[in-house]
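First comes one chain, alone, set out as structure tokens in the form predicted on its own.
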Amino acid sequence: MTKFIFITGGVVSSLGKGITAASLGTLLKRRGFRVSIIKMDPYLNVDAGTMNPFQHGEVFVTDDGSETDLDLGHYERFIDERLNCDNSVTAGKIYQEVVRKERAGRYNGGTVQVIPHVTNEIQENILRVAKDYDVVIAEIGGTVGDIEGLPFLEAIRQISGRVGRGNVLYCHVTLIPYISAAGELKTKPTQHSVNELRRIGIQPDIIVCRSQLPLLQELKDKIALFCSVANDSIFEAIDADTIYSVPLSLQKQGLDKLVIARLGLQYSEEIDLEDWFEFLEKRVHPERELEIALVGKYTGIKDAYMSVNEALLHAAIHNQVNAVIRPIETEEIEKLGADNVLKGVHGILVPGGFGSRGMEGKIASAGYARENNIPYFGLCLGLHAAIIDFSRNVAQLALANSSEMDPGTPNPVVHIMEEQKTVDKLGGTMRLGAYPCRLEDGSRSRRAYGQSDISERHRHRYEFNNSYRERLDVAGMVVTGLYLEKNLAEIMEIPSHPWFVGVQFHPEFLSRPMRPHPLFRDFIAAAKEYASR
């Protein structure tokens, strides 16, 4: 029988529910259980695809092309499992399905209501994931008390009646604020948060307390007393300098053993976290420091490039260096010039993005890396920037456009995908999800991956115009990765450059703490070599 763990949050948002879910999933998987994690967001967007990066952070893309919340990236990185559309549930997705069924007559003319129709649909999404796993962890987005989250909380309250209370565990993540004037940690916000949860029928089994300082036992006893939770079920999540230390902290406190006991799980494997300890040990003892320029359009918010930042961290630790990321707004380069803004960096990474704003800054960054032999890594739009720079300044192509969306160029080197042209007037879509790629023998990419056939995740509508392939190849920029079915360029390199690689896909989504993505790994290795010259 599948076991279910529901993680809710109280007091304020951004407490680390996602990291708590991912950490617990890691510990249970290391015990030998098959684990999956679901993110349930109460917003009315059907998915995260159209949400502003400044407001919501990055869009994480799964193999099946689902555009999801960035928490799914944390889940995949921590439990090392590839998730899909069923692992991302939004209120918009739920209501869309309920309305579809109503229009199709699936409710036999009955009045369609939040209870039971919406709550049943939420539960069906949870149970659909559960069929292949021993444990399913579901994080409920938002904060207890939010009106839009009530259907989700009601659904997880009801589900214990369907699967049995002994197969369900409720974990509440809350804040214990420190009041500096009084010199005390305060439990009252947590008490109110738990009371709100209990008011709608959910009694938490475990409380994880986010705080700046360690919790004294008397404080834990007070929380246990006022929240009707066992004394051994109060855990602390102290502010950490890295999210990757959280699983070790929770395991040291015995969270995984308590969860296993409460759910009646049987395990045969002793937990092995040696590689996790080694990962953190390398992090605090780097051989040297590197400065990596992250040239983007949304650098004002760190979450907009969450997976890129994490992939750089993984690669840096593997190479035993500390990669200091210098976030640079592309428009700053347009105003001040690449020479003034990028001077002193050991590597330049240009990530994905949409629209023409700041495009010239990205193009200038690629040119600066090319001219000064600085390692360059272009992701999606970062590849387009490199192509445009090379076409203008090396291949001398008259039709090299100034931006990927420049309507004034009749046949640009970067153009909208052919299959998108026919649907664009109807709204169009993007190439989303995993696609295969064949790597050229002898290329940097082939050496990095160690194999000729790979699969990577995409999220784009524009690509390299193949009609210019021969002219760029002669000039020195070659296609080294190809989507054979459509004959589309997936990877392009400048072989004469120490390390210059652009990719059409988003490799950051497949990087893992103990298994950094091959291209990120080699990019940081090249930056390390450049810094040593």
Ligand code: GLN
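It should be emphasised that the depicted structure is a prediction, and the values quoted were computed from it without experimental measurement. Heads up: residue numbers just count along the shown sequence, starting at 1.
Just so it is clear, the following notes concern the form predicted together with glutamine, a form of the same protein that is not shown.
The single contact residue among R262, K220, H318, H460, judged by any heavy atom lying within 4.5 Å of glutamine in the predicted complex, is H460. A heavy atom within 4.5 Å of glutamine in the predicted complex is found for exactly one of F235, W276, F354, Y449: F354. Proximity of H506 to glutamine in the predicted complex: non-hydrogen atoms within 4.5 Å are present.
Contact annotation for C380: at least one heavy atom lies within 4.5 Å of glutamine in the predicted complex. Only one segment in the set 452-460, 280-288, 389-397, 148-156 has residues whose heavy atoms sit within 4.5 Å of glutamine in the predicted complex; it is 452-460.
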